[in-house]
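Single chain ahead, by itself, as structure tokens, in the form predicted alone.
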């Protein structure tokens, strides 16, 4: 697939994203998804399913593949989706919510990895990133739970959310079938001790193992 074809695929799928469904307020199982990069253009898709109430790991799968698409900002999904979807296919526990290391609506074409995953799986999906990618935002107040909107072309595409007092925020955006308010509530609930949500931390560790 060429870069032009990948961009056209994002444009084709974007109308399928559901940003109006508020999504579940509570879930039993939540999956963290992350991709690790190795030598020789190798990518490892890691999916870890946790019990939401206890953050106990109940299932995990990692799939290692050769990347089939070049490293192009805004098109990372085309490198990362194949191993992530392969890993999800091997899960024995179906998650109720996906939390992925990446962007959803906060993307140049409003269709980042979280949107793409949500549309292809049909599951409520949230993007949580360590750094800002598009738009502008003010620094939120220092208190845990504080946030400021991420604005792109005058539109709110996500939030800079403070998950730990005095620690730099994470960048939350809707992926599919979950509201921004609900997405931020889930992220805070899943980040009791660290800046990043525990499902993403677990998937990051697995992707490096």
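Note that the coordinates shown come from a computational prediction; the quantities given were computed from them, not determined experimentally. Numbering follows the first chain given and starts at 1.
One more form of this protein, predicted in complex with the DNA, exists but is not displayed; see below.
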* **Partner proximity in the predicted bound form: residue 74 to the DNA, non-hydrogen atom cutoff 4.5 Å** => yes
* in the predicted bound form, does residue 131 have a heavy atom within 4.5 Å of the DNA? -> yes
* **in the predicted bound form, residue 124 touching the DNA (heavy atom, 4.5 Å)** => no
* Hey, in the predicted bound form, is residue 95 touching the DNA, heavy atoms inside 4.5 Å? -> no
* Interface stretch in the predicted bound form with the DNA - options 174-182, 46-54, 66-74, 154-162, non-hydrogen atom within 4.5 Å -> 66-74
* Asked: Mind listing which residues of 192-209 have a heavy atom within 4.5 Å of the DNA in the predicted bound form?
  -> 208
